[in-house]
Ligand SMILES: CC(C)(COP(=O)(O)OP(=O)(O)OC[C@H]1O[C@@H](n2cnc3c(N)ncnc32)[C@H](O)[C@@H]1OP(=O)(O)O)[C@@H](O)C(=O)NCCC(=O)NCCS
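Given as structure tokens, the chain that follows is alone and in the form predicted on its own.
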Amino acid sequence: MTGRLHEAVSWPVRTARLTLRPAVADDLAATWEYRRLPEVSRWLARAPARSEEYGEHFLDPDTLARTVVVELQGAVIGDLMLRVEDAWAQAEVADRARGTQAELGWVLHPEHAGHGYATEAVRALIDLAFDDLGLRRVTAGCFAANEPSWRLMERVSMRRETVTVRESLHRSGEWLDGMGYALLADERRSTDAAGPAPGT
């Protein structure tokens, strides 16, 4: 499934204010600029201490294949992840569950927070998942203490499915609560028909 995202979409994707495009090796420095910030890295699954270590991960072909950068007037202000996955299935129907869902992720430079850019970008990513890739379900998760992230999931109409208690080990050594959200393609269609929620 590596490369499926980049091959199935007509790039670049433009929203009202942003441009989304596949990540390339030259995006290494721009993404490291904000991913290394303590207020960002504290919530990330991987927080390399050095740019060389970050580069090894970012330049991995599998990482590039699932990464989309977010540009504002030509400058990279964030990045998104869309990792296509198999849904759980019983053995007899496992072939029908292959590549039917995706995990989403996002990071935005703090200098650009508070303007709705992350919401705009993630809504576009969800559209790509359902309309371009034909997936049936998308998921996302975060530490419960990362309130901006789960509030974003709710703004884009994702449904809270799980709250786990001290289930995730943070690099600080503390076990933290987690949250899991999801959205089905047919749920997205029904929310689209109803129109955007007030204030979003």
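Numbers follow the displayed sequence, beginning with 1. Values in this document were obtained by computation on a predicted structure and should not be read as measured data.
One more form of this protein should be noted, the form predicted in complex with this ligand, which is absent from this view; the next part is about it.
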All of Leu44, Thr119 and Cys142 with a heavy atom within 4.5 Å of this ligand in the model of the complex: yes
From the list His57, Arg166, Arg151, Arg171, which entry has a heavy atom within 4.5 Å of this ligand in the model of the complex? Arg151
4.5 Å heavy atom contact, Ala129 and this ligand in the model of the complex: no
Can you tell me whether Arg96 touches this ligand? I mean in the model of the complex, with a 4.5 angstroms heavy atom cut-off. no
Leu28: heavy atom within 4.5 Å of this ligand in the model of the complex? no
So in the model of the complex, does any heavy atom of Met81 sit within 4.5 Å of this ligand? no
131 to 139, 65 to 73, 48 to 56, 35 to 43: which one contacts this ligand in the model of the complex at 4.5 Å, heavy atom to heavy atom? 35 to 43
Heavy atom contacts to this ligand in the model of the complex at 4.5 Å, residues of 107 to 140 in sequence order: Val107, Leu108, Ala113, Gly114, His115, Gly116, Tyr117, Ala118, Thr119
